[in-house]
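Here we start with a single chain on its own, the form predicted on its own, put down as structure tokens.
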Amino acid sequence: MNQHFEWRDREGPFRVLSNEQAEQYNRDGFVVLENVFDPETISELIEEIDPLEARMEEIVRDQFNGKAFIARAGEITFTPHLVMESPRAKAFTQRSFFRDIAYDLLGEDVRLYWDQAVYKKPGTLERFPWHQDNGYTFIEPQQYLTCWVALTDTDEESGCPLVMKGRHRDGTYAHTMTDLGWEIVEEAPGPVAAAPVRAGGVVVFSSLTPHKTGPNRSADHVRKTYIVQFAPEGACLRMPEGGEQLSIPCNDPERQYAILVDGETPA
């Protein structure tokens, strides 16, 4: 499905990024922004998410014998669509930072595409494989945006993101399903950068940036993150069915609401 892709560099003027940060994003496919959210905001978000994540872990353990797709009880959980259950999470995705970063890197008309909390528990020894977000669900235009919000301090010991620099410019690679999730390759063929980030910081990367997270080797530190993704107005999910390619608009009003219309906050 990746035919004739051409990466489009983002050019200013920018609302939140510096010219140097935008240049890094265009060149490497990611940028780390520290101190975006204050400790009180992060603490309130954790308080909201923790019970929802605990419920998800219980479902994975009790209803799926400890493993549901890429979630594994006691190791790693994925809690999606928090905006449908939590007014606080919904309000968080509508904060000015996300509107501004979406404007800088996507344009004037943008919707929330996906949101999920990902908790990696202490002692999780398996990596999360090299993949692109667009390798899980193929969206057109392929070039959308992931904001990896650190709810706890995250370094290489606890499983911070690692990215393949510059590979986003090729579009979506072929992925192979493994027991741990979709995977492009087992070992990166070129330069890799770690993206450690403190609580309240954000790793901003393209949906096309190949990335992985390593094991959480810490003794008692749950690595908590809230992943918020945005796509341009008019984006569609492409999926095969009956020998044809369906094109499903990414505009569910409950969870894929507009955050920018003509560059402004929606009325």
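In this text the structure is predicted, and so the values were computed from the model without any measurement. The first residue of the shown sequence is 1; numbering continues from there.
What follows is about the form predicted in complex with a small molecule, which we do not show.
Contact check for 111, 140 and 255: none of the three has a heavy atom within 4.5 Å of the small molecule in the model of the complex. The small molecule is not shown here, but in the model of the complex it comes within 4.5 Å of a heavy atom of residue 133. In the model of the complex, residue 118 approaches the small molecule with a heavy atom inside 4.5 Å. Residue 213 belongs to the set of residues with a heavy atom inside 4.5 Å of the small molecule in the model of the complex. In the model of the complex, the small molecule sits beyond 4.5 Å of every heavy atom of residue 33.
Note on contacts: among 52, 46, 227, 222, the single residue with a heavy atom within 4.5 Å of the small molecule in the model of the complex is 227. For the candidate set 105, 164, 76, 195, a heavy atom within 4.5 Å of the small molecule in the model of the complex is found for exactly one residue, namely 76. Heavy atoms within 4.5 Å of the small molecule in the model of the complex map, among the stretches 182-190, 166-174, 123-131, 82-90, onto 123-131 alone.
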